[in-house]
Structures are given as structure tokens and as C-alpha cells.
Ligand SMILES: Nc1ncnc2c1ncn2[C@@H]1O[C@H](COP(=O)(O)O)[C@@H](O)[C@H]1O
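As C-alpha cells, one chain now follows by itself in the form predicted on its own.
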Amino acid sequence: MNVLVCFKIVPDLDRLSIDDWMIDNCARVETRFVNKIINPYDESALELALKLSEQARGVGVAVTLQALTIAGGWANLALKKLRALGYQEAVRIESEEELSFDPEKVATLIATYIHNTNSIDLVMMGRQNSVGDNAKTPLLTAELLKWPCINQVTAVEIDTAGIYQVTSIADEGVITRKVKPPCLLAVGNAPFSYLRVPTLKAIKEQAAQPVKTLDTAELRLFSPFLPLISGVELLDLKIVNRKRAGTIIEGKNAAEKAGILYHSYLKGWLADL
């Protein structure tokens, strides 16, 4: 079984202080100085895939893990870390484009890679990321591939027949399904949300190894999919004023304030009921 996990590198917004949340004229927050991390939902997907591989060995099923990201060269460190953790292959699609607001393009690139690889049985990725936050990429990718997609996944296992048992959260509660491959899983609030840490020996072994890189333009040449068009072009970002007006009621004590509140505001409203 070949499992592909797609992930994104994002700025660690928790590291921003209150003073750092200064919005510029283009309604953006400066994050270039912030450390980059794996998107939390994607991190959960990467850890779930490792647990799936361990569980599969226990039932005699061999699982090969691949990791894929669309990013610049600064993502190589994360890819090498994943190889140190046991991912047999880690691939980067070279792109310096701003894709945060273009899930259609991201889905097309991922689907093209999967189609050209032609050996992927299961795709896992986070349901959304902290930059863009559209939650559309897994659904669009599954639509292109014509695969079933399960959202809000929290656990996945495999049996000796190669059937996946997928646990997910829905409005009606926790649901467990048996799914035949191929399928796509969008991981949500999984209980194992943190990626394990590789050993120093494994890190050193992977440090000098090159990362497999694919060119975006070349990948599109071999795409069987027509590019998804969002129909929306980002022209400008504007700040929405979310401040609310308020009135402070002055009084000597709580009883006096309650009286002012009733006679000045509530009495007229209650009379209309």
C-alpha cells in the first residue's frame, strides 16, 4: 500500500506578540521573520500516516509512505526530517507563487502528481491550513481524481485484506467506515496531533541527501486535468471594522445602575413585545 501525505509549511502565528499584529495597507501581517512550521492539521496527518504504517506491519501489510509539499527550497529541511522519521520518499514541487488564495491550482498540482505517480492508494492531508483557511483543497483534489473523500478524520487503520477503517467526526457524532482504496482523507482534530521527533542519527543520515524536486511548469505539461478556475481574482484586501459601540451606565450602586438600564433601555423594548 502506498500512502501519500500532502502538507504545507506555514508561519508559526502563535509566536507573534500582540504588537506584531500590525496590519499594513494591503491588509497583511508581516510574518517573514517568524519561524515556519508544518501546518497543524497536516502535522496530524503526517503522524497518523506513521501510526498507520506501524499498525499495518502488525497485520502483515507493507505500507510505503510518501510526503509532498508545494513550496520553495526553504521546505527542504522539513522534507528531510520526514525521511528521518521513516517516510521512504519526500517530494517538493518547486513553486514561489502565492497559492494561499488559490486552492484550485494547488489541487490541480497535487492531482497531477498523483496521476503521474500512478501507484498511490491513499492520500492524507490536513482539512485546512492557517494561511488561506479555505478548507477546499482536499475536496477539490478528490473531485479531480474522482475518489471518495472523508472529512474530519481522526484515526485510520488497515486490515489484512487492505481495507481501511476510518474514524471521523460528523454532526451526528463519531463515525467509523470501512473504505476500499483509493480514497482521500482530510484530517481534522486527531488525538495524536504532534509529529514525533526523529533521532539525531537519522537526521545526520538524511542531512546530505538531496530532496526530490519537480518543476511546476513541467508538471503541468503532463497533467490530464483541466486547471480548475476559481472564477475569483484577488484584487485587494480591506480591513473590516468589527468594533462595537457601547454605553457605560454610571451609578452609585448596582441597584441604581439596574434602574437606569431598565427605564432608559429595556422598558421601551419590553413594551413592544
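Keep in mind the model is a prediction, meaning the values are calculated, not measured. Start at 1 and count along the sequence shown; that's the residue number.
We do not show the form predicted in complex with this ligand, though everything after this point is about it.
Here the chain stands by itself, but in the predicted bound form one stretch of 81-89, 102-110, 144-152, 172-180, 102-110, has heavy atoms within 4.5 Å of this ligand. Checking Ser53, Gln66, Asn39, Gln206 for any heavy atom within 4.5 Å of this ligand in the predicted bound form turns up a single hit: Asn39. Of the listed positions (Ala202, Ala135, Leu77, Ile163), a single one reaches within 4.5 angstroms of this ligand by any non-hydrogen atom in the predicted bound form, namely Ala135. Contact check for Met125: a non-hydrogen atom falls within 4.5 Å of this ligand in the predicted bound form.
Taking the partner from the other structure, this ligand in the predicted bound form has a heavy atom within 4.5 Å of a heavy atom of Cys6.
At the 4.5 Å threshold, heavy atoms of Ser168 stay clear of this ligand in the predicted bound form, well away from it.
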